[in-house]
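Next up is one chain by itself, shown in structure tokens, the form predicted on its own.
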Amino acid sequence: MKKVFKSIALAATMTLSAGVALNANANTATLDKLLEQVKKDRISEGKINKKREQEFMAARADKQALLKKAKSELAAEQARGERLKNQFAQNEVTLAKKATELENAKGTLGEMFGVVRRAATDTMGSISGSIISAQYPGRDDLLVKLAEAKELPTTKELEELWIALQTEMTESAKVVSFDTEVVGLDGETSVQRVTRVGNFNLMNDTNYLIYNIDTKQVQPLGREADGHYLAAIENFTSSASGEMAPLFIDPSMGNLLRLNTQKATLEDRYHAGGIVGYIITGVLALGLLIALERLITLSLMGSKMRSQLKNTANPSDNNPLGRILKVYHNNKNADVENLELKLDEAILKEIPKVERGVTVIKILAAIAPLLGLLGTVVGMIETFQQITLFGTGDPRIMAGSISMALVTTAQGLIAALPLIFVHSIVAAKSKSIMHILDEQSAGIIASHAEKEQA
């Protein structure tokens, strides 16, 4: 048995040894191929690396050439900068020497040069804004040149300065007419006959004109002047030569006229009251209409009553007194007490017709100033809201609300005054009518009592 196991083990060992020998032969061939491939790749990578090295060396040479060129240019620019710096310093020294030589050469002329520049600067503003420049444009060009000049003025320039100053003085004393372009408010340009009154006013046949300093153009006022100003212009332009005619003169060379165009008109002030102002106007209109109707009605009523007083024997139904007399005629046989009651009843019927609307007018007269006070409160509330939002830096932002507050107060008072006045008149007329009725009624009762006692 032991021999059998040894034989089996020996056979197995031989079998495994043979298998291992076969596998070792197979791996060796693969490794040889791998080794051969590595050798080939090493040769290829070496070629590539060598090529890369050659390219890098070539690029390095180019970069070194560029660096060398840049350094050369930097050195050249630095040398140029140093050279220019030295030249600038030399120029400064030369300028200083030349300036000294110029001052020495000018001598007393330097003082004259200063005077010319100062005179040109002082007169440049006045001549540029002068109305005379509308007739003689371009006079300020020479003054600007002299004021900004760095060299001595020429003789011709001095003469031109003298002529400009002399022209300003001479033309300031003249009233002349000339043709010039006038730019309308719609932008349209037209040639008009313009009259210049010294250095104060420009005007055509119908209105004042102004000279715009910025655009160097003649243009009308933004808003037409008041009627009495225009009437003065018409009288002045239509007057004969040598004839004296009054004319309104603007001594500020048009500034007052410009301010006048910005002044609020009555219409602007009325609309500043806003909704409250319109309500006050409605209250005033309603009160006046009622008062007008009452005045007409009471006047006709009073006239008819006066006619009735002249003919009490024939009472009419078209007036209160006639209706009272008719009650008396219808109750002549009644006793005094009954007649008195009948007449009182008739008078009570007439009272609403006579006093109708009087109380309404009184109420409207009381409401108007209260509405004005309401507008004041609303305006002040808006003012404080604007102060909260925008601060107090710009008063013009608050001007609208303050204007509303003041205008509504004025409108309330303006509405209340005529309403109170017409209420007094209407109340007086109604009381007069009622007084006549009471008087006639008392007279009728007294007369009837006398007849009854007789």
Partner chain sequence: MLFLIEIWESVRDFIATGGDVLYIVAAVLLIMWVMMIEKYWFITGVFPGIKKDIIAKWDAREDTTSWYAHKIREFWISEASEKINERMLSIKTLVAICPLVGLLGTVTGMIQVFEIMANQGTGNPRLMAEGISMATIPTMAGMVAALSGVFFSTRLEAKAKLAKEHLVDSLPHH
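Note that this is a predicted model, so its numbers are computed, not measured. Numbering follows the first chain given and starts at 1.
Only in words, not in the display: the form predicted in complex with the partner chain, which the text now covers.
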**Message:** Does any part of Leu259 reach within 4.5 Å of the partner chain in the predicted complex? Heavy atoms only, please.
**Reply:** yes
**4.5 Å heavy atom contact, Arg356 to the partner chain in the predicted complex** = no
**Item:** Distance check, Asp250 to the partner chain in the predicted complex, heavy atom within 4.5 Å
**Value:** no
**Request:** Report whether the minimum heavy atom distance between Glu157 and the partner chain in the predicted complex is within 4.5 Å.
**Result:** no
**Fill in**
Residue within 4.5 Å of the partner chain in the predicted complex by heavy atom, from Arg117, Arg323, Lys342, Arg269, is Arg269
**Request:** Just one of 48-56, 419-427, 62-70, 34-42 has residues with a heavy atom within 4.5 Å of the partner chain in the predicted complex, so point it out.
**Result:** 419-427
**Request:** Heavy atoms within 4.5 Å of the partner chain in the predicted complex is the criterion; list the residues of 396-428 that meet it.
**Result:** Arg396, Ala399, Gly400, Ile402, Ser403, Leu406, Val407, Thr409, Ala410, Leu413, Ile414, Leu417, Ile420, Phe421, Ser424, Ala427, Ala428
